[in-house]
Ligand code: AMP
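In the block that follows, a single chain appears as structure tokens, in the form predicted alone.
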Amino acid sequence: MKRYRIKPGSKVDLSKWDPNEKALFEGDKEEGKKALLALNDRLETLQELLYAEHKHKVLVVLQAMDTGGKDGTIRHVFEGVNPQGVRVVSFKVPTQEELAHDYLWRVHKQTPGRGEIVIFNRSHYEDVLVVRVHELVPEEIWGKRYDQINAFERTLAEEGTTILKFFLHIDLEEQKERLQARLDEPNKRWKFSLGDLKERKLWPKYMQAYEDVLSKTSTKWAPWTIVPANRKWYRNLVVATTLIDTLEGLNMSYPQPEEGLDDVVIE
């Protein structure tokens, strides 16, 4: 999965990243779905181990354009995990209370505790994406935030949080098809908003903003992974495999049971 990881300090040009790629899996869609089931089982085991050991903290950041597949990734990759140890946080428009604090205040409160996986469905990166594209604050303000975010994430990492950041990369044509599907299917129409069309017109500005995010905030302690996401099944395989590889690298073990249990007889 290092193929998709952004090397710190490198310059990202998203036009050179193919969202249709599936180079790391030779099978087709159905085989990919079967492979994901095996990964689901492995992730469930690792998540239970993480929770039991109660030592490590894991933060998963998902960013994407509209229809990029954040919800679908969460639903499919984390299928079967114990909800006691996994939490999803979605960051919406800031409340008045949140606006009264610095932009990272509401984010820090949601970061994972020991034994927990927290998934950010959108994140603090909205403050250098939406805020930038819509010119909600001047560049002299949002331009400082890359270094601030890097410092924030470094603090989390030094305090024991493992950070994985995924940009789910789709192209403009794929977004068109997914938006059309939301319109055409009655059970998906609730997800469609006319505002999505306004955002779609800003695609070039968003791509430029994302390129800066990926270039400036992929660090040794919190790397970005660009996930080819036009194929949903391949997207899920990349995210699940990366997460599992990372958890296995933590070398976790179950806590030692208390002494004397061998002689216990339950009557």
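Residue numbers here begin at 1 and follow the sequence given. Fair warning: this is a prediction, and the values are worked out from it, not measured in the lab.
The next section is about a form of this same protein that is not shown, the form predicted in complex with the named molecule.
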Which residue, 92, 75, 144, 101, is the contact with the named molecule in the model of the complex, using a 4.5 Å heavy atom cutoff? 92
Only hit among 181, 130, 156, 81 for heavy atom within 4.5 Å of the named molecule in the model of the complex is 130
With the partner absent here, would 201, 207 and 211 each sit within 4.5 Å of the named molecule in the model of the complex, counting heavy atoms only? no
Would residue 126 show up as a contact with the named molecule in the model of the complex if we use heavy atoms at 4.5 Å? yes
So in the model of the complex, does any heavy atom of residue 197 sit within 4.5 Å of the named molecule? no
Residue 87: heavy atom within 4.5 Å of the named molecule in the model of the complex? no
Does the named molecule come within 4.5 Å of any heavy atom of residue 151 in the model of the complex? no
Select, from the options 158-166, 171-179, 111-119, 93-101, the stretch whose residues sit within 4.5 angstroms of the named molecule in the model of the complex by heavy atom distance. 93-101
Residue by residue through 135-150, tell me which have a non-hydrogen atom within 4.5 angstroms of the named molecule in the model of the complex. 136
